[in-house]
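A single chain, nothing else alongside it, follows as structure tokens in the form predicted alone.
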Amino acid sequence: MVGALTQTDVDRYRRDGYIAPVRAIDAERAADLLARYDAFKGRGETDGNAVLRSKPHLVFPWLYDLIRDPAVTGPVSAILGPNLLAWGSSFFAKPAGDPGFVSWHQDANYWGLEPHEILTAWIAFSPSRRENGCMRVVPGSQAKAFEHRDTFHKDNLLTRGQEISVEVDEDQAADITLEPGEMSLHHVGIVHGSDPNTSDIPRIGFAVRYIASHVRQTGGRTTATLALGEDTHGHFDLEPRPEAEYGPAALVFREAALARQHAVLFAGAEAPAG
């Protein structure tokens, strides 16, 4: 599937809660983005992993530009409409042989956003396959909200190790396999997770959390990036493009934005590290 979605694609997304693969960028650009990611990782910055896990687009201009790229926002807008905000972004990385996994969960249970006109664009910087821990989804599961529990498992890539409290029939799950530059789009309510990387191929994916501009943050006011169109409702303070890669001003802004977000999402609980 290339570029803009058809009505058939949109109907399938609304039925199944996801659609993949969607070609976002070409393989050459994906390779360049992966090289930038690897170069930063190679610097060994003290807080580098934390920055990559939460809103890295606020400190890397090349990520800020990617979340606003029409090749990405075009398919998203076919589902959410012409006015889009990016509420968050995160790298999900599994080096070769890494035991890290993502337990079965629903994002809608934790983000405090209403209504649920929200999706994640998961953009592959490297191949994402079953053997290296690709994302898996349960089609149609966005129609029901499940209770969750926190496990704090050391290998769980989620902040609190959150997982659904009931058994998931994995025979119903679909593998989201992607080549570099392809992306998947999945609903905020779909049950999804991923297994450890048992291969010698790393799996590097960049996830962007898009919301329609009328979506609001319940319980407080946070920040978001205008990704497409106009901010028609003003529910969020808009985030600026970083002037330089990993610059001091951008790092300070990101920390302040995350502090506001955590104050809302973790009210009454210990906030996680960025």
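Residues carry their position along the shown sequence, with the first being 1. Everything numeric in this text was worked out from a predicted model, so none of it was measured.
What comes next is about the form predicted together with a small molecule, which is not displayed.
> Quick one: from Leu113, Val168, Ile79, Val102, grab the residue that has a heavy atom within 4.5 Å of the small molecule in the predicted complex.
Of the listed residues, the single hit is Val102.
> Under a 4.5 angstroms heavy atom criterion, identify the one residue in Ala50, Leu34, Ala207, Leu226 near the small molecule in the predicted complex.
Selected option: Ala207.
> Does the small molecule come within 4.5 Å of any heavy atom of Phe92 in the predicted complex?
Looking in the predicted complex, residue contacts with the small molecule include Phe92, since a heavy atom lies within 4.5 Å.
> Does any heavy atom of Ser194 come within 4.5 Å of a heavy atom of the small molecule in the predicted complex?
Yes, Ser194 lies within 4.5 Å of the small molecule in the predicted complex.
> Heavy atom to heavy atom, is Leu84 within 4.5 Å of the small molecule in the predicted complex?
Judged by the heavy-atom cut-off of 4.5 Å, Leu84 is well away from the small molecule in the predicted complex.
> Check Glu182 for me: does it contact the small molecule in the predicted complex (non-hydrogen atoms, 4.5 angstroms)?
It does not: once the small molecule is placed as it appears in the predicted complex, Glu182 has no heavy atom within 4.5 Å of it.
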